[in-house]
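The form predicted on its own is given below as one chain in structure tokens.
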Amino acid sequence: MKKNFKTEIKFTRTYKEYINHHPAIREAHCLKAEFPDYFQPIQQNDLYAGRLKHGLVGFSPDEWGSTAFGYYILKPELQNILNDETTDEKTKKEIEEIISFWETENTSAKIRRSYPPEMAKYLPSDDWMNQSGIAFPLYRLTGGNINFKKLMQLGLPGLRKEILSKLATAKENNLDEKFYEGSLIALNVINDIIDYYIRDAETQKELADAENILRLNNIIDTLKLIKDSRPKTLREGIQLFWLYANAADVRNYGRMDVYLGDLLANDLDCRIITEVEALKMLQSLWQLMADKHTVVHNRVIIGGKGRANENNADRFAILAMEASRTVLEIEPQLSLRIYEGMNPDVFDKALEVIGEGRTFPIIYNDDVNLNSVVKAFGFTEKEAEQYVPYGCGEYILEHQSFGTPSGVINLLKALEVTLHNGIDPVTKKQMGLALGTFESFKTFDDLWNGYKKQIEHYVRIMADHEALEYNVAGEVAPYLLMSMLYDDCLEKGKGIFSGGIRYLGGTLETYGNTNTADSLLVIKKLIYVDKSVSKEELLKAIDNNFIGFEKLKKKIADVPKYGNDIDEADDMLLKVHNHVCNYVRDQKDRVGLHSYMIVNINNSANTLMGRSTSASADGRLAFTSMNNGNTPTSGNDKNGITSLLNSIVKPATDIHAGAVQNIKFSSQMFTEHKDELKALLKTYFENGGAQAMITVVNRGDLENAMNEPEKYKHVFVRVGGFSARFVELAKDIQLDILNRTLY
């Protein structure tokens, strides 16, 4: 339990001191108050400095807890300490003062207070994972991908020089001088962090053996070099990248093969380091990333079109995949962009690593995605070459656009509530629009239109929330360390969310898409077409979780389901998909964003939201997992892998901002049937497959792991938009993955 709150107290005192100052000046001094305090000492075997453990009060663009970002407070953690009988009175008084101040001053609270009445009525304020609902707000500005290439080219001195130049002419150009002044203070915080680590390494040397003295000396020398000049070696590049990313709290790292590939190639060609030494450097960085435990972040992108020095980048890409093969962790989320004409050695290496059960790299198909990004976002082809997936798989342009997913919507819950005249059958409370009872929907089109109204009602609210979040966030702070490495912000003298960014967009996470489509088809066929089941019977079966309705459940099972290349089922999925994608996308102009789109990325939330969703017409039992991403409900794909992939490529990829396809293969596919596997994947990508997340396990491994978890800590799985050790997942999430078809 945390006992020392010196930094939290100092941070709070600093904020109070600068509360009425320019937002850039306030933020810069708050950064100075929390850093380097929240950075942790160098650990044994670390080749780089930079371990960050955020405090219970602080500043960050990304989320800490479910409702904490910007100027944040982790109130539940503080409350637990306050309620602990072992906490002394002095500490309790300090905590009470911290909570009292930040209760209303934290950024999330300011957003909540800005809600208009309808938004406040329909959007729950508590943790969305623990309550029933159709749509929930998320408080975060996640997914920043800054210009690390520029950082490598300029280094800290070059970046400081650019800011000083802008400051010198700010007044005559009618730009905000305080923005640049704050940026300089923030940049100096990086130097404070460097100085802290130099002192830390020098202190550790006093008790170190010869081998560790050499390691620590390398860290000290590297830190001194990056403080005074731009990086000239791979070691310097990695160290600068890592410290800056942590200080800015940027958790996705963009096209690493582009900004580190040239440094690697030069080091190897000039014999500054060997391949073995280069791998050790990446392995240490990979371990540092894994130890952050971000779960859904730590994206590293390799491959793809639009790389200036493709050969150098490919050398780095292959080394990165070897690091993912040899560092047995679930992060970083290495992601490979593939395309026709690429170096075949890169793809072969990817299959080797995936085949060993690493779940990485995740594969993205440029030959589909580039055109989709152009059409979905309205970017030029040249701009689209710089797309990167981040987090669970949302697309943005590296250091040019932003698209935080600040809301989730449960499509299946919307259908459930529509069937019950707006009442949530779980809580018995009014949740959605009262559009009539199930009996009142005389035709399937009546039901479909009612479902659409329910979805559209919540989509409008979520789009308004997205825009509101950006507006409040931009008023509160310029997010200096991100902004100075985002295109246009320094030119305009504005923070990223204060008018500085080139393309400001948003995304809405959708869940239960496949279950909703399958449920609608069951209702259409059994009730409106065949008329073999009454509305009363189906609703009663659903409300009773199918207990006593075994014959009806058999009828439901016989209705075609998405994922089997059956047009009737797949067409219903397209109906659901096209409606939600297009309606969400149409909100952008109304709320003043460059883009607003869905992401069908499903992390474990398909299971978490399933816990508050009752039984559904597709035969799914109450409070169990919904389908994951763009894939069928677990086990419903019964016609083989070719049929599954044929279904997956049918939903349009140019009307959303990302979707995931999870596929589970046996290890035999990568050993005994490798040629067939390559042909299968080649055909899938040629037919329009945009992405593939592949889990490779031996038959029986997952069942055995549930029974003897201590023996199966090595088994990695794709959950959705992230990977995990299978044995560390909740049981219902394990069951969802276990029930997915193994090919």
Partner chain sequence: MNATDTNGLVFDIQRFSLHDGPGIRTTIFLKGCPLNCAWCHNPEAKPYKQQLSFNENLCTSCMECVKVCNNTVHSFVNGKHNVNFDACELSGKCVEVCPSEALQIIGKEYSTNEIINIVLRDKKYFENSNGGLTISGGEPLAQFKFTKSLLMKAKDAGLHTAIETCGFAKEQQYLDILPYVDLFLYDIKAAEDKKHIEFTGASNKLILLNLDLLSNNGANIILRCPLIPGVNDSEEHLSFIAGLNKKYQNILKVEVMAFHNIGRDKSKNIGVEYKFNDKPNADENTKRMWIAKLEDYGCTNISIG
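Keep in mind that what you see is a predicted model, and the values were worked out from it rather than measured. Numbering follows the first chain given and starts at 1.
From this point on, the text means the form predicted in complex with its partner chain, which you will not see here.
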query	finding
Contact stretch among 564 to 572, 228 to 236, 78 to 86, 384 to 392 - heavy atom within 4.5 Å of its partner chain in the predicted bound form	564 to 572
Triple contact flag 551, 639 and 673 to its partner chain in the predicted bound form, non-hydrogen atom at 4.5 angstroms	yes
Residue 682 within 4.5 Å of its partner chain in the predicted bound form, heavy atoms	yes
Non-hydrogen atom contact residue 669 with its partner chain in the predicted bound form at 4.5 angstroms	yes
4.5 Å heavy atom contact, residue 646 and its partner chain in the predicted bound form	yes
Proximity of residue 650 to its partner chain in the predicted bound form, heavy atoms at 4.5 Å	yes
In the predicted bound form, the one of 45, 687, 40, 704 near its partner chain [non-hydrogen atom within 4.5 angstroms]	687
Its partner chain: the contacting residue among 272, 434, 557, 308 in the predicted bound form [heavy atom, 4.5 Å]	557
